[in-house]
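Below you will find one chain, with nothing else, as structure tokens; this is the form predicted on its own, and questions on how it binds or moves follow later.
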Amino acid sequence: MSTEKEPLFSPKNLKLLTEPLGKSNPITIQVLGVCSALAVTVKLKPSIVMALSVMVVLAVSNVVISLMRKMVPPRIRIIVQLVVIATMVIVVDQVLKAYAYDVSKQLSVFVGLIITNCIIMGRLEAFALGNKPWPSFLDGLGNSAGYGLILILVAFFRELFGSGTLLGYHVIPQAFYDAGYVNNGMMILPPMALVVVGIFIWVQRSKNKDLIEN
């Protein structure tokens, strides 16, 4: 019997990192976690912090649930998952308040609402409960990176066209305003987040026809 271990970054494991960035993206393909795209993408900085927060919560929660998967009775698995997620969210929230208080104030209650993010519960149920810690960790990183990618892209376009800034710095030259350019105030309204996400979904599916059939 062969005792050779699978490489940490085998093709199978690498797919866990890369597929959520494209053809299995949790927002544009699975249509999960859309509420965050509506709530925190007016500015780029809060979106980046939210993306990193979800990455920490999902990656660590996936590992913890994977380690506990054989010890948790099926009848209480949802409760255990919620406790693990809530604990990680509290840790992340306290770290933000200690080291990034201004961003924490901008995110307000939305950090706490990571607990209800269906991407996190979905990955714990669909993957962590049936896989070892390392693949679960990669799955958490991959899906949270795919989520964060869309979040950041939406915020990029909303802040750029809605406020003329990126990360709070003015990037549209004053000459444009002098020539008559006006920031599009609609871009900072919540419905525009869904419109921008819809455009990303349309672009991705138009380039990948097999996604339409699926």
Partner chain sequence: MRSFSNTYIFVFSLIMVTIVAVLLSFVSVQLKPRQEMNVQIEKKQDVLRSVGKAEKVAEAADKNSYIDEEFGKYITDSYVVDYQGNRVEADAFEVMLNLAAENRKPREERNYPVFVYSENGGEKKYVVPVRGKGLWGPIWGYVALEGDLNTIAGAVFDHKGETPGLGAEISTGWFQAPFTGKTIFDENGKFVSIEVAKGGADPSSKHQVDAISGGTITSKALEEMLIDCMEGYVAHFKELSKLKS
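In this text the structure is predicted, and so the values were computed from the model without any measurement. Numbering follows the first chain given and starts at 1.
Same protein, other form: the form predicted together with the partner chain, not shown, and the subject of what follows.
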Give a yes or no on whether each residue among 132, 149 and 157 has a heavy atom within 4.5 Å of the partner chain in the predicted complex.
no
Taking the partner as it appears in the predicted complex, which of 149-157, 64-72, 22-30, 51-59 has residues with heavy atoms within 4.5 Å of the partner chain?
64-72
Quick check on residue 121: any heavy atom within 4.5 Å of the partner chain in the predicted complex?
no
Residue 94 within 4.5 Å of the partner chain in the predicted complex, heavy atoms:
yes
Residue 83 within 4.5 Å of the partner chain in the predicted complex, heavy atoms
yes
Contact flag, residue 76 vs the partner chain in the predicted complex, heavy atom cut 4.5 Å
yes
Determine the residues of 24-56 with a heavy atom within 4.5 Å of the partner chain in the predicted complex and present them in sequence order; the list may be empty.
none
